[in-house]
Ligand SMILES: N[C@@H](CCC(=O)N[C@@H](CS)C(=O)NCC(=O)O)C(=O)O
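Form predicted alone, single chain, as structure tokens, below.
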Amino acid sequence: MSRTLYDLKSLDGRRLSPFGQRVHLALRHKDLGLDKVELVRFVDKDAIAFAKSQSVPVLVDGDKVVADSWRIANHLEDTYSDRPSLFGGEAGRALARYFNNWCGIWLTAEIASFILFDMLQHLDEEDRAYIRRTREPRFGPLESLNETREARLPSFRKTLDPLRLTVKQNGNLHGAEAGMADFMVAAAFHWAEQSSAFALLTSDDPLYSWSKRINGQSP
């Protein structure tokens, strides 16, 4: 069965979509490969219009088209139930839904406030203009975010204490084995690392080594 993922394009091959990274991690966990990755820019809405979506990721799995990382995760779990589970049952699916909501409401926006200005350097001119046009009404001038990020960082790190404690106690958010809850949160930190040299986590933070491990990187 042919499998294609539509993901975000950067100037230099970086994975700049936390939602696309979630799908890469889910596919790896399921031991499912991709035949092709189609990279599209923020402004390339026509390229994914067939999926009735305005944003990546979009997965074409045989004759099935699935947009949105949460829907893709559920599709992979339900379609390939004979492969390693992303959720470990309905309780794990509910836990993952919580983290999907938490990331969508809080974590992604918080991380964006630290890295959006730096991310511009990895995008072409049209996408840079798109980011400013769509994000600055919410966040204000991106340059101003950079000016305040050092002062905001300690509070952000402190807010991560529940994650930090859970990882220390369980090894992962999902439990002894990593699951979709881990992939969603770790993907957000991978996005930050790919987009900016600004360090959200210190190297001695348990979340730092955990995120590296989940994303398949060396600490």
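Numbering starts at 1 and runs along the sequence shown. What you see is a predicted model; the values in this text were computed from it and never measured.
FYI, the form predicted together with the named molecule isn't displayed, but the following is about it.
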> Heavy atoms within 4.5 Å of the named molecule in the model of the complex: does I214 have any?
Replying inline: no
> Taking heavy atoms only, is F156 within 4.5 angstroms of the named molecule in the model of the complex?
Replying inline: no
> Just to confirm, W210 within 4.5 Å of the named molecule in the model of the complex by heavy atoms?
Replying inline: no
> Hey, in the model of the complex, is N170 touching the named molecule, heavy atoms inside 4.5 Å?
Replying inline: no
> the named molecule isn't shown here, but in the model of the complex, which of 173 to 181, 28 to 36, 55 to 63, 156 to 164 has heavy atoms within 4.5 Å of it?
Replying inline: 55 to 63
> Across 120 to 134, which residues bring a heavy atom to within 4.5 Å of the named molecule in the model of the complex?
Replying inline: Y130
